[in-house]
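Alright, two takes on the same chain below, each alone as structure tokens: structure 1 and structure 2.
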Structure 1
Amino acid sequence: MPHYCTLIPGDGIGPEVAHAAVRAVEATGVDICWRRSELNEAIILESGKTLPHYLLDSLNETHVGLKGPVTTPVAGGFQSVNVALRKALDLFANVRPVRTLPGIKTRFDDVRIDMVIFRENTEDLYSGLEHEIVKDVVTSLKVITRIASERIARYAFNYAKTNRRRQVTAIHKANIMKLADGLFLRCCREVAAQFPEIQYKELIVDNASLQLVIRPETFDILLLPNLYGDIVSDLAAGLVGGLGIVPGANMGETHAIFEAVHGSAPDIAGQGKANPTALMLSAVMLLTHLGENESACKLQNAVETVYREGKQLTGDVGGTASTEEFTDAVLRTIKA
């Protein structure tokens, strides 16, 4: 039986990197049927909806999606596409593996970075509950609940146990936000007590940011509320070469969407300059989610081999290859 997956190419460079990722997935030999569902800035403006019904219908049928970057119209009152998807499908866990790729020059060439960031995806300041009390005085509500905090903590610890990771670090600001971040920490501690084989640590978010820049190799799994997770995950991506090479997933109880976390980069769209690495590695996560571990390993190893050889890399990582040339090199490696 084939796997059915909703493909959302997006706009800007989205269709280019999505095409590259699809070619790479299919080259592994996995039996997958793509259900293409278009979503871009023009469609949103024309329909007046961030999420057209046909997109949600497709995702509710397949329960899994591979998504390129989508541009949300600016100043049109439209909710972010990513935020809308998370709320509509209850994608409560944002998961971002951050790993050193061979051949990429960073300031940490002498260490290997291998961390996974688990960001709670549904609440915190991203609940969007803001109110102007009087003119020029605005309040914004930081919402932290036991249900959401326990759910993301359990997800992170279960991942750690399944993948034999050694440590989970909860990141917070409970020294200032004693009730909100305090509740998040209490939930993390309670869940940690159920996994005694995994080391549990806590760091205040500003200190965690400092430690990430000074000694990133000491981190394993990071567990964060929504806002800190958004900021720290981008910071961590910068440690290994940028958003162009870091995959991501939004996971729920019944649905999962795998996506490149970089933007749509309309300034280079159609020029063959886009780097499809992030979406290819997101496709690795997709294959693992589908239980296709052999195909996932094939694709992961092929991408790393192309980076190790360094002959067919795109311009953003110091090479001169086009999107197609990089993709062809990955495909040749898979077939070899």
Structure 2
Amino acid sequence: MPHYCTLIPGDGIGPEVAHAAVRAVEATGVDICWRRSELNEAIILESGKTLPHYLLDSLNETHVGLKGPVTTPVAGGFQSVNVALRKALDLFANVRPVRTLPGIKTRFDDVRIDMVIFRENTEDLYSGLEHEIVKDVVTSLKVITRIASERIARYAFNYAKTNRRRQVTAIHKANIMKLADGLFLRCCREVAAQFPEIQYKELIVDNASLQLVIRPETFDILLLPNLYGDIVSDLAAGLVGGLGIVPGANMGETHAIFEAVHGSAPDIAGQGKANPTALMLSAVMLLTHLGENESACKLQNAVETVYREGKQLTGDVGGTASTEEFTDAVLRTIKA
């Protein structure tokens, strides 16, 4: 029986990196059948729906998705598709491994960075509850609940335990948002007490940003509410070479969608410049989720080999190769 997986290429650089990731997954020899679901700004504007029925139907059938970015309009326009999808399928945990890849020149050449970010994915300032009380006065609701905070904390600690990680750092601003971040922190502490074998630390988000830049190698598992998780993810990506290489997974009880940390990068879309590594490594997480560990290892090792050799890298990581040339190099390595 093949695995069935919903493929959402998205827009901007999405279709280019999705095509590359699909080629790489198929090269591993895994038996996978893609259910392609188009979703982009034009479709959303035309249908007037953020999440078309065919997309949810497909995901309810397959329960797993590989997704490229979908553009979110800034300051107006339709609701973020990414946020809507996470809420609709209750994909409460956003998991983002941030690791040094061999051969990439960064400011931290002498240290090995290996952290995993656990970002709460359903609430906080992403509740979408904003309104203008009177002209030029706007409120935006930050929603923090015990149920969501405990759930992401438990997910992070369970991951730490299963994967033999040593430390979880909860990141917050509870000195200012005493009630909201205070509740998040209380939940983290209660869950931490159930995992005495894992060291538990807390950092205020501004200090955490400083420490991440000064000594990134000291971080292990990061546990954050939604907004700080979003911002710290991009910061962490910058530490290891940029958004082109950091993968991610949106995990729920019944569904999982794998997508890169980066957005649709309209500045380089359609030019063959996009780095597909982040979506390929998201596909490694997908293969692991499907229990296809051998294929996952093949793809992970092939990507690392191409980086180690350093001859076919894309522009964002200091090379001159196109999306296709990089992908061809990964495929050649898998086949070798």
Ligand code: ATP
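Bear in mind that the values here come from a model prediction, so they are computed numbers and not experimental data. Numbering runs along the sequence of structure 1, starting at 1. If you superpose the two forms and keep the largest set of C-alpha atoms that fall within 1.5 Å, you have the rigid core.
Query raised in the report: Form predicted alone, is that 1 or 2?
Result: Structure 1, which is the form predicted alone, differs in this respect from structure 2.
Query raised in the report: Does P266 count as moved between structure 1 and structure 2, where moved means a C-alpha shift of 2 angstroms or more after fitting the rigid core?
Result: Indeed, P266 is displaced by 2 Å or more.
Query raised in the report: Rigid core fitted, then: does D136 show a CA shift of 2 angstroms or greater between structure 1 and structure 2?
Result: Yes, its C-alpha moves 2 Å or more.
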